[in-house]
Every structure is written in structure tokens, then in C-alpha cells.
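Take a look at this single chain, the form predicted on its own, given in C-alpha cells.
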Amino acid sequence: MTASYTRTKISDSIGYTSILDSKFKTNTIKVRFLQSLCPDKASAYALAGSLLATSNKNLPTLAVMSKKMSMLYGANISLSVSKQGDLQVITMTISAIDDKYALNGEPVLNEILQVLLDCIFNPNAENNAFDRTMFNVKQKDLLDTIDAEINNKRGYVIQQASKTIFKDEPASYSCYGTKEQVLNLTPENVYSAYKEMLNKSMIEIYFVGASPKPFVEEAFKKAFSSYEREAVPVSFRTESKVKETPVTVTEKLPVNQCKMVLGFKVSDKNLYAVKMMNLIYGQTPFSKLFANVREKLSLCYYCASNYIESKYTMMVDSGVEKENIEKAKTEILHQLDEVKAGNFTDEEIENARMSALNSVKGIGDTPSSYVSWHFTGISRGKFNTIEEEAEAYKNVTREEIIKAANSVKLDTIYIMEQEDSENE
């Protein structure tokens, strides 16, 4: 591979990573604000981030911002809000073509860098309050995002199950907050949240391009030098303890298809063995859950497992008819017992290994995949090269997979049931 990377510290709470790969024809800058997911502040932080990525003092409207991006050869600025374990992660991204592809040699990177710095440090605000017009637009967008999350029942049921699986932990909350919280926000308290985010968040900055651009790091150093930050450290990994007795929660909603989530806590810390176990059990089209629960027995419309590395938790989510809920639950647990007993073939092991290796090979296909990979290294506290990551999967043994499976304990059963017809 032609890629290289360097990570330096702008301060104790701000990291800067430069990722270089000669195949890229664009430059991408990402700024990630990391804070513990607080239910009382999540919506304010999410809305503040959205406002930052929409306008600034020099580009005060969507129309002016869009025109500026168009003039920079279709540059793009965006924001994402996500949850990683107990953390709320707010990521601002700006990207554009490399300067050497500009028709007249314009300094495109300088221009997009300045736009990003203005968005972060010179927002569209007056008198400690965001611009009211832009606030109203982005508040409605956030409400629409929450509605969309509710309407996506597969995602919604996982979020609902998380409330019980991670009870009394930050991971139990939505990274967007609730509609009620969003409706109670004002331009003033969202601006206050922005200042708090700027001064107290842990920050990771990424530059991805084809060649070194040291002035990008220097620009961020200069911008942050005037701030007396008091960042609050975050924990990327927090183990969620298994309940003494599994809890069952049933919620009735007007849905066409019942859904069920089984939450498991995993005590084995051999990451690669756990991931291989999860691939064999339920994450792939050749897994136990897909082949048996879905295909052979036709108990579910879908049935898949996912391992949440940051919480040492595995979830199985499924879409199922009401009359098949108990049968599906029994079979999902039976297939886990099969893996625990070592009842899987060498071919299944190799299929899982190839799936893992294919995922590793995909790292670097896009700037975002590089950033995600390096961010994973930071969150693990240990950075592997892509070759080392592949080797780790190659070295996982059958015995390690069985051991990982036997560390899996059922914690929560969440069922979203159809309402009775008389209630509908």
C-alpha cells in the first residue's frame, strides 16, 4: 500500500492525524468532537454542530454557503452525529479537489480550510445566540432526523432495546436527544452548548490527501492557541455488566411486523476471536442464524448479530411474526449453544476469516474508511497496521472462538409486538 500516517498532539486534548495516499485526488479534513453522551445535552450539541456546518459569519446563509462550495469545484461540507459506546461523536467534514487539479491553480485547500475554521471559530451568531433563521431551519431538520429514526423500525427497536441493555449508562440514550428536548432549545442555549463543546470536548482532527500539507496542522494550532480549554477526558471503552437474570421487555406498537432484539454481554477480551465468533454465529449470509433461523426454519424475515466493540456487547435483531416469537428466540439461543459446543466446520471458520480479511482489505478505499480505521486505533489505545490486523484474524484458532462464545451471556430480550387489532 502507498499509504502513510503521522499523529501528533496539538495539545493534551487535541490530536492531529495526517493520512497520505497517492491515489487520492481530493483533500479531506475531519474534525471530531468527543464527549460523554449526556441525555440533557445531546440535542443541544447535535443542533450546535449542525449549525456550525451550515453557515458562518462570512457565509451567513445556505445559499451563500452553497455558492462558495460550487465555486470551489463542488467542495462539500457536512456534519454527522453518531454514538460510539458511551460517547457522542460530532464530526464536521469538508473536502474538495486537490489544488493541482484546479484549472487555474487556485489554492482550493486553503479556501476550504478557511471555510471550516470560520464555521468552527466564527459561527453565524450575535450576542451569544445563533442566527434565528438558521436556528429554525436546523431545529426542524433535527426533528425530522428523530422522526426518521423512529420510522426506521429496525434501527428504532435497537435503540429501544439499548435503553434496557445499557440501563443507567450513557449508551442507553439517543445521540440526537428527544423531540421534546429539541423543541425546548433556543438560539441562546444552543450557542452555550457550542461554547461548551468547543472548550470541553476531546478533539481529533484528520487530514487525508495525496501529499503532506503541514500548514493545515499549523492553522489549527494557531486557531486553538487563544482558547483556554478545559477538556473532559472520555472513555472509548466501558464494559457493561451482565444482569444477574435476563430481563424481558415487551412494547406494543402499530407495526406490521414484530421485532425482537436479544442483548448479550461478552466477557472475553480477545477481540479477534470474539469477532470471528460473531461472524460464524450471525453477522454473515453464511452464519448459523441466517442459514438456520431464517433460511432453513423460516422463523424470521431477517436475523443477524452485531458486536459492539466499545461496550463488549453483542445484539441479535430479528423481524418475526407474532406467533413465531418464542420459536425464534429458542432457536437463536440454540444456535449460540451450537457455537459454544464447537459445532461448526472448518469451512465455516475459513468463510468467517475471509469475510474479516475482505473488510480489512477495504480500509483505504475512501478517505472516510481511513479515518474510521485510525480512529478505531485511538479508541483501542493500540494502533495496528492493516497488515497486522489481517494477521490477527489469520491467527485465531477454533479453541479461541469456542472460548469467546462461552463468555457470551444473555442480558436482555426486547420485543416490539403488533398492537391487538381492536386497539389499532
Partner chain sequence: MSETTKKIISCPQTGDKYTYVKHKSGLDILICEMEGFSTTEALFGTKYGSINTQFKTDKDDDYCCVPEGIAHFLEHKLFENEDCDVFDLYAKTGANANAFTSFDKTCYLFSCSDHYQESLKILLSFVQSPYFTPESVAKEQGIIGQEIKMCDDDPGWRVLFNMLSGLYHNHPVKIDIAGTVESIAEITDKLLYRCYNTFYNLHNMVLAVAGNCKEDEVLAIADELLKPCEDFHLETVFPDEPDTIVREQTVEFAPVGVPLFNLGFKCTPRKGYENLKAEMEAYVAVNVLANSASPLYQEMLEEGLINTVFTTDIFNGDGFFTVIFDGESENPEEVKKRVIGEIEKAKITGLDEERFEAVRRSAYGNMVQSFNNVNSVANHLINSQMNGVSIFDTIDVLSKMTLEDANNFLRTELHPEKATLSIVKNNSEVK
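Numbering follows the first chain given and starts at 1. For clarity, every value in this text was computed on a predicted model and none was experimentally measured.
Below, we refer to the form predicted together with the partner chain, which is not included among the displayed structures.
Here the chain is shown alone; which of Asn110, Ser192, Thr186, Gln257 has a heavy atom within 4.5 Å of the partner chain in the predicted bound form?
In short, Gln257.
Only one of Lys311, Lys83, Lys213, Lys138 has a non-hydrogen atom within 4.5 angstroms of the partner chain in the predicted bound form; which is it?
Exactly one listed residue reaches within 4.5 Å, namely Lys138.
Contact segment among 300-308, 261-269, 161-169, 238-246, judged by heavy atoms lying within 4.5 Å of the partner chain in the predicted bound form
In the other structure, the partner sits against 300-308.
Indicate whether the partner chain has at least one heavy atom within 4.5 Å of a heavy atom of Lys382 in the predicted bound form.
Heavy-atom contact with the partner chain at 4.5 Å: absent for Lys382.
Can you check whether Leu62 is within 4.5 Å of the partner chain in the predicted bound form, heavy atom basis?
Leu62 belongs to the contact set for the partner chain.
My question is simply whether Met71 lines the interface with the partner chain in the predicted bound form - judged by any non-hydrogen atom within 4.5 Å.
It does: once the partner chain is placed as it appears in the predicted bound form, Met71 has a heavy atom within 4.5 Å of it.
Counting only non-hydrogen atoms and a 4.5 angstroms cut-off, does Cys38 reach the partner chain in the predicted bound form?
Output for Cys38 is no: heavy atoms all beyond 4.5 Å of the partner chain.
Within 4.5 Å of the partner chain in the predicted bound form: residues from 17-40 (heavy atom criterion):
Heavy-atom contacts to the partner chain in the predicted bound form: Lys23, Phe24, Lys25, Thr26.
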